[in-house]
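Single chain ahead, written as structure tokens, the form predicted on its own.
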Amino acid sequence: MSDLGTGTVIGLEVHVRLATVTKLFCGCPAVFGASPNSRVCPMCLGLPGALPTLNGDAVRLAVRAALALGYRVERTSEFVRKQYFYPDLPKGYQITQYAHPLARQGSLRVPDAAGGRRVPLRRLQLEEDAGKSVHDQLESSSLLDFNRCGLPLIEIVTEPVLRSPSEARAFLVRLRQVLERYARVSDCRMEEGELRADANISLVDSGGVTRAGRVEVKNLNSFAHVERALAVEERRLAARVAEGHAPGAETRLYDAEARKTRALRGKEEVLDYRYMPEPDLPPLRIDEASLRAAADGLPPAPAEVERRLIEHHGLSPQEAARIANTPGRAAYLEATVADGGLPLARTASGLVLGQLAAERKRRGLESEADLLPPAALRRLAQLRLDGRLSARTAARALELLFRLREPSPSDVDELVASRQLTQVAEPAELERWIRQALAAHPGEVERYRAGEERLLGYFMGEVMRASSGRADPRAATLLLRALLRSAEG
């Protein structure tokens, strides 16, 4: 869009369901998939006389999420009533926070090609969810399911600083990683509505003056939909500006099948919601003990883990991101390599991300540490680094180690010796395997000597097969070349 002299500005409002047993203001089970309207009570349905009782576990998880995202947790916050009418909001208002939220001024570092960019977060507030309207079961009517009413949410509001649909997607991927795998406050299952986003997009000129928007695209419940919807809206707004129009604020919905947005209504402003203090809930006060309890066991942020893996252990940004995907995997690798140096870390990382990760997933285990203790992996990685194991024999060693219960470094050495997995560089043994391979393929030998040097790789494959992967590749290649040049070869 540079030809229009415009840039894209995106802000997100992300709703995340907290992993509590019961709802935010009542004792109804916080479950997904129950029969419609089977998990409701007078409070969920907004019946007269029903009074809210705040769920302490929801508060703890919300504070934990705020700390994981670098927010300043307010010692006193207040609940308000946000007034609006939807058929699936039986009270006619939502209990939420606004002017005095639970937390302010957080940030989240999002990976990019330059190493990462800090996205400032405006506020985090605690609120209840609305119900669900179902439009596709009856031809001329909609159905209402109030089971979702009152489920505990946090709303995370970014500053409008995201610069592209792809960056908005990257932000949400990182946010889910922090909240699900690091802070463990939500399962973030987007298909169940546990993480969904409203995206606000505008086009601005080089001076920051808005040329189109602010358009809000509501209820995006997958990373792909966020990116596609914003890209669609970016193109639509750019086309309108090019035609000489200045589209104003509105709310739109994304049609995933048609891959286009459609107008829903004009954009509400703060005054439209007629916020008023919630008279049935006192101010929420967070003391020092509550902060400590919420922070208990909270690991470093994934961006910090990735930085450490790159700077202290020599991993590439791509390797570091995959290792830091869960805090358990990162801790496992660091326990494995300790102060073993950069080559050992890179070797161990390859084993973790390859065979160990695949086996952990196949068995449905929580961590790679459940397969192989760090000390045993360190010994195996050292043998691979020293050249005593090839990629093939190291893989075979891992297969055998997976069958043992908590193998030790000495178990690794014993297994490698007993199964004769050590790489062989002894010339006489290598020559035996090489001559065996050459004798089996005389035609290819003649073609190689006639100039088809690319057949060297073919012969090396035959040598590795003959040696069951034990031949030292470097020594075997040198000897193979010599024998192929020899008239006696």
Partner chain sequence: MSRRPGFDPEDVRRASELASLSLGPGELERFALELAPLLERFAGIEPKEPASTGRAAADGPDELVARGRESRLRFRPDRPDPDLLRRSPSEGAPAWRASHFVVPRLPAHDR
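Numbering follows the first chain given and starts at 1. Quantities reported herein were computed from a predicted structural model and do not represent experimental measurements.
There is another form of the same protein, the form predicted in complex with its partner chain; it is not shown, and what comes next is about it.
task: Have a look at 452 to 460, 29 to 37, 418 to 426, 436 to 444 and name the one stretch with heavy atoms inside 4.5 Å of its partner chain in the model of the complex.
output: Single hit among the candidates: 29 to 37.
Exercise for review: Answer with yes or no whether Leu478 is in contact with its partner chain in the model of the complex, where contact means some heavy atom within 4.5 Å.
Suggested key: Output for Leu478 is no: heavy atoms all beyond 4.5 Å of its partner chain.
Could you confirm whether Phe79 comes within 4.5 Å of its partner chain in the model of the complex, counting heavy atoms only?
-> The answer is yes: Phe79 has a heavy atom within 4.5 Å of its partner chain.
_Ala68 within 4.5 Å of its partner chain in the model of the complex, heavy atoms_ = Judged by the heavy-atom cut-off of 4.5 Å, Ala68 is well away from its partner chain in the model of the complex.
is_contact(Ala471, its partner chain) in the model of the complex, heavy atom dist at most 4.5 Å
No, no contact at 4.5 Å.
- Message: Which residue, Arg274, Arg259, Arg363, His245, is the contact with its partner chain in the model of the complex, using a 4.5 Å heavy atom cutoff?
- Response: Of Arg274, Arg259, Arg363, His245, the residue with a heavy atom within 4.5 Å of its partner chain in the model of the complex is Arg274.
Item to complete: Scan Gly115, Pro87, Gly208, Gly341 and let me know which has any heavy atom within 4.5 Å of its partner chain in the model of the complex.
Response: Contact residue from the list: Pro87.
Residues from 273 to 295 in contact with its partner chain (non-hydrogen atom within 4.5 Å) in the model of the complex: Heavy-atom contacts within 4.5 Å come from Arg274, Pro277, Leu281, Pro282, Pro283, Leu284, Arg285, Asp287.
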